[in-house]
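Consider the single chain below, provided in structure tokens and representing the form predicted on its own.
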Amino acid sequence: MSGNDDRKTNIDGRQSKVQDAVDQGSGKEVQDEWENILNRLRAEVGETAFQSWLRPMRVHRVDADVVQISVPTRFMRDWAAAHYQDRLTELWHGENAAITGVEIVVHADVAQGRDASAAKMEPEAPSVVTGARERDTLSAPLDERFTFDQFVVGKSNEFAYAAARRIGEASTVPFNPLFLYGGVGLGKTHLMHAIAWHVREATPERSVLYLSAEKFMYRFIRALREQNTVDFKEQFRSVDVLMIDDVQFIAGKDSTQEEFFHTFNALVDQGRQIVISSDKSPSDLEGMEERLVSRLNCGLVADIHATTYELRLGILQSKAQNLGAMIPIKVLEFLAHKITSNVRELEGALNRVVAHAQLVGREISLETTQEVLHDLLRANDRRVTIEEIQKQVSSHFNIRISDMHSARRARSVARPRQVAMYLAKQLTTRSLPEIGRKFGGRDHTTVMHAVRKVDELREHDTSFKEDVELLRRMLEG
């Protein structure tokens, strides 16, 4: 046999050995090679780029002489393929001559922090998350990006952040439950994941179960159908930290609330920690039993307000750094001014801008940003109507919309009406007489008085100022 034949036999044999290792579930040789490659790349690209782009990668499978690497999103796949695929191939061939190519694919396993071989090796486990690791489908996966270090703190979320941090670091239960509430995309889920990750690192022996209220309900219904409620109770009442996201989902669902109430009591009695999130405060949850609302209010309730311009800019700067992207400060300032609805939309806009620049090879500028985000910017620039303002303000202050047009002068009605007039002046192009007519045919001088009064109150009453700013952002978003 020639030297080339010997070499081919050796390569084929090693290639078969690698594929068998992955298929049979050992995967140790592949994982050792992968760890060596990651260590090389960490030294080459730096810690920031490594954490953003390389750490989320997982070995998915070996197909002939090609290794498939999984990433959680299409955007990450495109970026990694453009920047790291050739180097990955070169390094892996250096580790294993049988490997001649690396393919980067999108796979759901990565979103759960698991790779294919690890999933095969993992034995059956109890239905809890020990040390915040997902053991089965009972617990929702945790996002590796959602840590305390990655949470940008500002005035609107500092209290909720401090409370969540206290829970994560405490060796005993400081308050029970911690109830986080706020609008969509403001950081509630991020803080819950951060608590779970911190518990994992600080006290890995503690068990953490994180899931949505919807999944809690489905699990309970299935247990009833299968007449297996004993196991259900054991699963949920034996954890050290129970985290329920979007608890408003079980409003109006009496049987689920009943079980949740008893689970809540059992964990509190045992000194176990409970963390809950919602889009509204406990007292504002419609369709929730009074005794459960009372329980939810008995711990620490922390709200997350709408973001400020400074916080949005800080979030964008942090996100840009994590992406390893050089973005002009004017672009970040523009986005922070224009996209005010929530953090998810803000980060999504930045991802689109960076992806466009990378995929088409153009530098990021204010002009290209406006071009790429034209649909999003148009939606955020929509015109606000006086009717929308009246509806939003009435809901916020818990009065009837008809009170906006009535002659009632009670302060509980007059003050919200003045706020609505003020916002109509700030957010619409209507004249003072036109605004007055929309409020029960009032004179333009009444509108002028309302604007002056609200300005005066905003200067001297911090709480009132925050209310007005919150309403403004909600309407602009």
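Only a predicted model underlies this, so the values are computations on that prediction, with no experimental measurement involved. From 1 onward, residues are counted along the sequence shown.
Omitted from view is the form predicted together with adenosine-5'-diphosphate (ADP), to which the following refers.
Student: Consider the chain as shown here, without its partner, and state which of N176, S341, S238, T189 has a heavy atom within 4.5 Å of adenosine-5'-diphosphate (ADP) in the model of the complex.
Tutor: It is T189.
Student: If the cut-off is 4.5 angstroms on heavy atoms, which of these, G183, G299, G324, P141, is the one near adenosine-5'-diphosphate (ADP) in the model of the complex?
Tutor: Checked against the cut-off, the match is G183.
Student: Looking at 387 to 395, 401 to 409, 363 to 371, 315 to 323, which lies within 4.5 angstroms of adenosine-5'-diphosphate (ADP) in the model of the complex, counting heavy atoms?
Tutor: Selected range: 315 to 323.
Student: I'd like to know if V152 sits close to adenosine-5'-diphosphate (ADP) in the model of the complex, meaning any non-hydrogen atom pair within 4.5 angstroms.
Tutor: Yes.
Student: Given that the partner is absent here, does Y84 sit within 4.5 Å of adenosine-5'-diphosphate (ADP) in the model of the complex, heavy atoms only?
Tutor: Residue-level check for Y84: no, no contact with adenosine-5'-diphosphate (ADP).
Student: Give a yes/no on whether F146 approaches adenosine-5'-diphosphate (ADP) to within 4.5 Å in the model of the complex, heavy atoms considered.
Tutor: Yes.
Student: Using heavy atoms and a 4.5 Å limit, would one call E347 a contact residue for adenosine-5'-diphosphate (ADP) in the model of the complex?
Tutor: Answer yes; at least one heavy atom of E347 falls within 4.5 Å of adenosine-5'-diphosphate (ADP) in the model of the complex.
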